[in-house]
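To begin, one chain is listed below as C-alpha cells, in the form predicted alone.
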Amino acid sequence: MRGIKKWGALLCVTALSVTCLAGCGSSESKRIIRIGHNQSTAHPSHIGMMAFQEYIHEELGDKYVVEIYPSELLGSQADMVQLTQTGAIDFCIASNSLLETFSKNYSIFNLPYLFGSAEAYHAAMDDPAVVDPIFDATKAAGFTSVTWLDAGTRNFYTIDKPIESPADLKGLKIRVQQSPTNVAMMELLGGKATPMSFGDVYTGLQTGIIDGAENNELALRDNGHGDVCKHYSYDMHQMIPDLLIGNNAFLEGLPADERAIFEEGFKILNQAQREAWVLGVEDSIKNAVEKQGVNFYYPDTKPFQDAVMPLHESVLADLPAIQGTYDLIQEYNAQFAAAE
C-alpha cells in the first residue's frame, strides 16, 4: 500500500508538471520549484510559503517559477519527504516528529515539556548553535532542514470528555504523530497511542476509530476537528516545530549568489509564517468558541510533566550526541522562565 501511495504521488507530480509546462508558455525555459505541504491555503505555513514564492519571483523570476501544492495534493507528509529525498519535488514542510524516523537526533524536539515557555522555544529555535546540528543530521538521507516554522503548543482534544489529568487519558485512543517518541509519551500518560497521517484524523474522529487527538488550535478550525471534538485541554505537552526541508542536490547545485537569495527567502518565510501564526491562533479560538461550540480547559500541567520526564532521561541516554543541544535549551529555559 505504501508503494502504491508513493507512486501515486509521483504520478501526480508528473501530471502537474505536464499541465504547467503545457499551459504556462513563458515558464517553459524556467526551472520549476515544487513545494508541498499538508495544510490548507488559510494556514500560516501556506501564507509563509506565499511570501517566499513572491520573494523568489521578485529576485530570480527570470530563472525560477515556485509552485506550492497545499492540502496533501502531493500525498501525505511521509510521501512528500520521500519525494523531496529523491528530488521529485524540491521542498516540503514536514513535522519534526516525522523526521525523527530519518535521524534520531530530531527526537530532541519531540520531547514533551522540552521548552519551558514560548519565549524559550522561539529563542532556542532561532539559535544556529541549537538547530544546525539537528538540521544537518539528515544530509546522508538526501535532504536538509532549511528553516523552522511555528506550530504552537500541542494539547489534547477529545470527543466525549475533557482531559484534566493523565488519568483521564486511560483507555482512550489518541492520534499522535508518527514518531517513536510520541508513542512513548502517550504510553507514559496512560493513553493508547494511535499514529496516523494528519489527513486521516478527521475521518478517524468522525467514525470513532480514535477518541481524540493532540495538536494546536488551528486544527480545530482549518481541519474541522472542532466540529467533532468539543473539549480542548491546555496541558501544553509539546512545542514541536514544523520544518521546511530541501533536496540536497538542488540546494548544493545553486550558484553562491542564488543560494544567498534562497537563504534570505527562508528567513522571510519564517517571519511571515510566525506573524500569521499569532493571528491564526486568535481566530481559531474565536471560531471554536463561537461557531463550533468547543470548550477550553486549563488543567494543572505538573502531573503531565511528572509522568513523561523519564522520557528525557531515556532519550538522552540513547543519544549522547544531543546532550549539548539539550543543555543549550535548558539555558534558554532559565533565561525565559514561564510566568508563575
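In this text, all values refer to a predicted model and were calculated from it rather than measured experimentally. A residue's number is simply how far along the shown sequence it sits, counting from 1.
Below: the form predicted together with a small molecule, not depicted.
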Is the small molecule close enough to N38, R175 and N216 in the predicted complex that each of the three has a heavy atom within 4.5 Å of it?
-> yes
Choose from 101 to 109, 254 to 262, 133 to 141, 148 to 156 the stretch whose residues reach within 4.5 Å of the small molecule in the predicted complex, heavy atoms counted.
-> 148 to 156
Q238, heavy atom within 4.5 angstroms of the small molecule in the predicted complex | no
Any chance D242 has a heavy atom within 4.5 Å of the small molecule in the predicted complex?
-> yes
Might S233 be said to contact the small molecule in the predicted complex, defining contact as any heavy atom within 4.5 Å?
-> no
Is there a heavy atom of T84 no more than 4.5 Å from a heavy atom of the small molecule in the predicted complex?
-> no
Position in contact with the small molecule when the complex is considered in the predicted complex, options F266, Y113, Y121, F198, heavy atoms within 4.5 Å = F198
Ok, S95, S179, N270, T194: which has a heavy atom sitting within 4.5 Å of the small molecule in the predicted complex?
-> S95
